[in-house]
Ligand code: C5P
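As structure tokens, one chain now follows by itself in the form predicted alone.
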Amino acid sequence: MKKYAVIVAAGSGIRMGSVLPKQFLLIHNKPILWYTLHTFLKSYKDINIILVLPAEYYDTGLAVCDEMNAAYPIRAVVGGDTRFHSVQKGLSLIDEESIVFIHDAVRCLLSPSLIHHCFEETQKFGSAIPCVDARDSIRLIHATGHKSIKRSEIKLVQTPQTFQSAILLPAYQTNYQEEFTDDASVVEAAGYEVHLVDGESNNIKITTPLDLAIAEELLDPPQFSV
């Protein structure tokens, strides 16, 4: 079956405290986005990548694509006002039956094994949402205070969130709602159940300078090509 990866790289990265969006910050002289693209291209030679970029850094993103030596040209599109709208724009380029990965560009530490597992589970169940257990104590804030809740009942959700196109594409033919915090919530709102799979503890979203330092320790300097 055809494979598509919509890589969402349209964010501004305000919490990083950098003028440059975090997906273009360098680790071992390569931008974070480069590592993410490399992992997907290494996972499947026949994967079609759609890169969603901020308008102001569109050319910067294309320059990263030019380095990748992909078997299929990486297509790029300008993102929208929210992540939801950016994903919508990426999905607009898909018009055939396929398995679709949607992945945050700044989760550059994922492994090919996770990508393969999500693909295989999606073939069987229609979707695959990688999650990890909550390690810290959890408290729920409500109108009159807060209360402790069982962390065993909490999952922390990651990407790539993966779906059969027959489920995902119709689900995104809707208007934005604040409840749409990820792709699984959009699909659930369309009436589908989603299938959870084990994520990876290293698959962190690089949001702060500390996350960047962790990624630098975990990533080896690039000495390879796709």
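All residue numbers are counted from 1 along the displayed sequence. Values in this document were obtained by computation on a predicted structure and should not be read as measured data.
Below, we turn to the form predicted together with this ligand, even though it does not appear here.
Do Ser86 and this ligand come within 4.5 Å of each other in the model of the complex, heavy atoms counted?
Flag for Ser86 set to yes.
Even though this ligand is not shown here, does Ala5 get within 4.5 Å of it in the model of the complex, heavy atoms only?
Close contact is absent here: in the model of the complex, Ala5 is far from this ligand, nothing within 4.5 Å, heavy atoms only.
Does the 4.5 Å heavy atom contact test between Asp81 and this ligand in the model of the complex come out positive?
Yes, Asp81 is a contact residue.
Quick check on Ala128: any heavy atom within 4.5 Å of this ligand in the model of the complex?
No, no contact at 4.5 Å.
In the model of the complex, which of the listed residues (Val106, Ile99, Leu114, Leu91) lies with a heavy atom within 4.5 Å of this ligand?
Among Val106, Ile99, Leu114, Leu91, a heavy atom within 4.5 Å of this ligand in the model of the complex occurs only for Val106.
In the model of the complex, which of 22-30, 165-173, 196-204, 38-46 comes within 4.5 Å of this ligand (heavy atoms)?
In the other structure, the partner sits against 22-30.
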